[in-house]
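In structure tokens, one chain follows: the form predicted alone.
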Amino acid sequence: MISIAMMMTAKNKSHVCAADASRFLANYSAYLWGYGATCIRITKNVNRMAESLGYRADITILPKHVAVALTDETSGEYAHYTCSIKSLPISYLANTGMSKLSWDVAEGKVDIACAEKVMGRIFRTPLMSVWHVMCLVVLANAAFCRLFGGDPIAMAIVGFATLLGYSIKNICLKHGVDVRAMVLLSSFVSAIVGSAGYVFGITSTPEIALGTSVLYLIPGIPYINSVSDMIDGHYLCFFSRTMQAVVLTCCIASGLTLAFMIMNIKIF
């Protein structure tokens, strides 16, 4: 079995020079980061493929760039490639597809040329329908309102606030508006609608309706990924993702504060 594995590795490596392999692995890492993967997943997937091709991989992951250096410890062949991080929508489906691709390469099921085509197909895979996502987000945020003790009227207010805010978010994304301005504007609109309980006195839990009206904007994935990067020792990526999440959270708070001022709501 060991000899068969060595033959497979030798066969794969004979068809892939270090320069081509490092270019593919760097691009793979950049796409995987863009899809929302943690540094530990990127490192494991890249090392898995590099070892199957007969190379030792040294991976440097930075907030805006990723570099992969490959070394053949037998022949001394060396190659290095640096790639910019891709700006992509976070997708667990794409994450799963990219991880499966790494196993297919490691097990010799596909070569690098085929893997690049598969990676292109994953990139071109249509996203989930905006309308489906919107319905799920509205229902989820209304459920959060109920979870925190909101009554049915408060849930309806939160659902409508989420619908308007998420619609604005989609419009901003479509027109390339800066993500911070998008979050601030969506938070402001949702909070204005969420204050209906205070303005009209139609619910017994107006504070819960207002507080949960912007929960759909919370950057949970950057916070979670930053903790994973910290545990794994990728402190630059940890700091970058944490600051990204903190900035977005401040934008949410700014939108809420502006709505409080305009609607003359004094909670504190």
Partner chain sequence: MEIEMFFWILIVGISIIGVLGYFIYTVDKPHSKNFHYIDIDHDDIYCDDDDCEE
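Since we're looking at a predicted model, the values are computed, not measured. Numbering follows the first chain given and starts at 1.
Another form exists, predicted in complex with its partner chain; not displayed. Remarks below refer to it.
Run the contact test on V118, W131 and N264 with a 4.5 Å heavy atom cut-off to its partner chain in the model of the complex and return yes or no.
Verified in the model of the complex; spot residues all in contact, yes.
With its partner chain left out of view, which of V138, I122, I153, C83 would have a heavy atom within 4.5 Å of it in the model of the complex?
None of the others qualify; the residue that does is I122.
Quick one: from M243, V227, I218, V199, grab the residue that has a heavy atom within 4.5 Å of its partner chain in the model of the complex.
In short, V199.
Heavy atom to heavy atom, is L164 within 4.5 Å of its partner chain in the model of the complex?
Answer yes; at least one heavy atom of L164 falls within 4.5 Å of its partner chain in the model of the complex.
Under a 4.5 Å heavy atom criterion, is D72 part of the interface with its partner chain in the model of the complex?
So D72 does not count as contacting its partner chain.
If we define contact as a non-hydrogen atom of the residue within 4.5 angstroms of the partner, is P126 a contact of its partner chain in the model of the complex?
Answer yes; at least one heavy atom of P126 falls within 4.5 Å of its partner chain in the model of the complex.
With a 4.5 Å heavy atom cut-off, would you call E77 a contact of its partner chain in the model of the complex?
No, E77 stays farther than 4.5 Å from its partner chain in the model of the complex.
What residues in 79-101 sit within 4.5 Å of its partner chain in the model of the complex, counting heavy atoms only?
In sequence order, L93, A94, G97, K100, L101 come within 4.5 Å of the partner.
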